[in-house]
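Just so you know, structure 1 and structure 2 below are the same protein chain in two forms, each on its own as structure tokens.
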Structure 1
Amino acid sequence: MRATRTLALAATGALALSACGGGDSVDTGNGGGGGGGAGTLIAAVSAQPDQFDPHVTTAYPSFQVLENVYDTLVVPNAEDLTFEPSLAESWETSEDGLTWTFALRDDVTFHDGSEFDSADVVYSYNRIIDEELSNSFRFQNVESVEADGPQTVVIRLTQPTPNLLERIGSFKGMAILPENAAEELDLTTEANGTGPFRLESSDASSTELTAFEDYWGGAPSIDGVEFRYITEPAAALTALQNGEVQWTDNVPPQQIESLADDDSVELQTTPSVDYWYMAMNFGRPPFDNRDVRRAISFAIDREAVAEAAWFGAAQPNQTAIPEDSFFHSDYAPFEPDPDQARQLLEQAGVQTPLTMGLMVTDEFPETVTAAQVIASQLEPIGIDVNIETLDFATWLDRQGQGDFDAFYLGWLGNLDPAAYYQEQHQTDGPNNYQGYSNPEVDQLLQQGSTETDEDARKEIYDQAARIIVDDVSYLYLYNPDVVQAWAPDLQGYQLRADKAINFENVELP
């Protein structure tokens, strides 16, 4: 689940944008002015997509749009996020688990009218592998992707991969493009997918989609979708209450409680598959000392941090995987205990006051809030937290260079235990920026990624999680809820734990 959706949940940079959002609500009032016909759904999102190439972008705002434009072979279903058919009708796994055969639908056309077949799948996957695009790590066990007739695709693996469906279907970063799409189209601004909507236009204020009449799942009942960017949560909410937009995921957490009684808004929440964490630099003393990290873990009251950042809409957790998941572990060794924390610091021979830089980004305001609470909790044990609020580009840069004492961020949209732990904690893993290395964990993660029995797999990841938590490779804090709101007369929308925004079945009055 690499950098996928960690990037850019909300680009809160431009204040000017929010002003525009507020201004609009004055002129247009009811009836969704601005763009589109009567049957166009207007959705307020917090930020503009960076680009529309599904294999290249890692930004959540892009995937909010692409979810409705492209398809994958399989998709997580809305209820429990298990995988179900999409462009692939069915699939089989060989006895040894090394060959997966996918049977494709034969009634699918692309937005330009061309037929979908196995060559498109082979092209798309090989594009990701050959050009080493953002998601190429998802194919690390893949030996080959081949067509066996127009309706069959065979994927051969180097080792059993129980989570292959997650690897190829968890989000639209694994979208199927028509053969040679990259040569024929400018994929950063154009799209030719098989999804329910086609990409019509996109500018600095909104992205517009129109319904695709020949969609294999049946044409959508609405004429189109306009994604309008409203940065400021309060402005997005006002626009929804005024009827200027019909849907938003940009809800101020402090308003969740009061919106429950608001008849003008349908608000729903569900536990997400995201987690937020703090990581300390193993390459920088004294944070290379396990006792120091454990002291910090003992000093932090996760309950208070979650409450401060999410006003009750987040569940404190000491491991990564949320409670609703089959793979959840209830391991929770750290009770807030300042005395024990002080003792551990003493044991580590650390001189207090100790200064710790904590890198956060205003792109995700909850990191700034959480950091302030963490700072106030670490002060009594003699740690002076120096909060560094950076823009996200600088933040990522410094994370990549290992230029930090500690940082705070989240991983979003995780569907498989491997996605929660592997890339982040394996020695030299692609997202192991903290520099953690434990042979025992490496071995468990390797075992987990090839174990096909679900219960045995859970046992392996439980063990790995326990060591990761004890070593404080990541200091896990909480799993927030997905919070979205829409107009009460909007029908057929389903809130999803993976935060995929799908308007395929939505109906407007």
Structure 2
Amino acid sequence: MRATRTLALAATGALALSACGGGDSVDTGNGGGGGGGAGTLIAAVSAQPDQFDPHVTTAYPSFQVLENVYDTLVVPNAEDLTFEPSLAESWETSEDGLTWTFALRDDVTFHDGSEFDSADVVYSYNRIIDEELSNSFRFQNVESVEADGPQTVVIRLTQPTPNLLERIGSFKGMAILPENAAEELDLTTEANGTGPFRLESSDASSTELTAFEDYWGGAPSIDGVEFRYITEPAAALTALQNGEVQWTDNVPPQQIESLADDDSVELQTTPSVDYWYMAMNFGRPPFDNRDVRRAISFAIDREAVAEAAWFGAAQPNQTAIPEDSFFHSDYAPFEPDPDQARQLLEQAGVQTPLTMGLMVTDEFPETVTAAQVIASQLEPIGIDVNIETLDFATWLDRQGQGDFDAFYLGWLGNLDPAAYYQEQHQTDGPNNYQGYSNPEVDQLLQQGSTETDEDARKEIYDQAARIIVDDVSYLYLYNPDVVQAWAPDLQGYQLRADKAINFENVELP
């Protein structure tokens, strides 16, 4: 999903990134909610959700909340991100790989008290497909989704799809809604899920959830969760150290090392499945020129950008997929070379100085810091970068309208190579905001989505990645670590490489 889940919020499978500042003192006493436990968890996040329709949003701030409100048929295991049962208790695959049969739980209710059954799954998936919503690409190989009785769902495919579980369960963009939910609710501001918490309210300062006593996995131990928007990392950390909040993922990167010895917080890090990147608009000259994009890529020192953004908690990477993944490619054709960059600009007939707008958002402060470094690296080759610092809602709107020269963001929660590449680089892909189109890449990405042999699949995606990198569809920069901190007496929280924020097992003293 983006921090866009790019997301590239990024985003974002993958999500995009985003919202408003906060930071006032809060009451963390034992009030509110309807769970069986004591108190409301106060979580400091950097941005406000753009909306709560899981089938439409691609913004990571929305999924931080929705992770706790909705469920999917299957879900990534917190330990190794392999898939395990959730709303589906089990599943079977036909010998030819074209029919998947899911057996559903029979002890599940929605927050409004209605019972969950197969009609809800069919409705949810067909809504995404028929209305061509954000994740419709995930059903690219799906022929039909049908109920076979109230507790069975059958998904029929046109081609073998080895990553079907990832396609339907990697994040809450694939959430199961009650039948006809979009006709009965305003899903941008309301929710009716089967998850451990109910959505109670949301405004410009916070989003509040309360425990769902009838949750099929058992009622949470806490009464609820309040997400408070604190844009400045230093303010979020201070609120945590002062006991005003109990959890945050908005940790100042420059303080990660020193916080390891700070007894006032529990700090944990782990390599993520995220990547951060810059994209240029293929619909705006001269960024439609491959030589211009390659010139910019040769001018950028990725190590310096990663260091400025994350102070050692990020690994430079030119191909998106982190190095500890089986699908990682070590292809890295761009080393900082200002002379070659200038030569490519001249070859493209570009008159310098050239002005390039670069959209970032202060709700993800690392984008601002990194953009300043990028600007300093492009200035010597004759490119003046105009850093446009926007609120995330405006950033998302302009990205969607194609109103940019370039933007900088990340994609989060990627669990399969298709999540790293397909929707972002396939012609007319739903997250291909830069407007890239290469028939060879299209063919490779389609092959990769149906190849069942893992070694052959890796080679296909390696080929696609090399072309994407050479064409600079995305200018990949680095893979950051997941960095989160919480109060030492908070129990039951588990850090995840996919950055899914799940509070159902948390206990407060």
Partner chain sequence: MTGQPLPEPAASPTATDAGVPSTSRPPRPRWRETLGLLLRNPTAAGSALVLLGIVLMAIFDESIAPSGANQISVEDRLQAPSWEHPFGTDDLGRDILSRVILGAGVSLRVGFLAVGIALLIGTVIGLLAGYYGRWVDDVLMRFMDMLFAFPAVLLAIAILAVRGPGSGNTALAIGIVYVPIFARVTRASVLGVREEVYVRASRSVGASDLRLLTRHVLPNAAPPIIVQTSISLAFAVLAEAALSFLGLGTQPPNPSWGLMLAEGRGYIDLAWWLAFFPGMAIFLTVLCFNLLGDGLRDVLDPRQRTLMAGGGR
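Note that the structure is a prediction, hence the values are computed from the model and not measured. We call the rigid core the largest set of C-alpha positions that still match within 1.5 Å between the two forms. One-based numbering along structure 1's sequence throughout.
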key: Which of the two shown structures is the form predicted on its own   = 2
note = Hinge between rigid units, forms compared between the two structures, options Ala44, Val273, Pro196, Tyr60, answer Val273
task = Mind giving me the turn angle of the little rigid part against the big one between the two structures, whole degrees please?
result = 19
ask   = Taking the rigid core as the frame of reference, how far in Å is the Cα of Gly283 displaced between the two structures?
value = 9.4
key: Inter-form CA displacement between the two structures at Gly435 - rigid core frame, Å   = 7.4
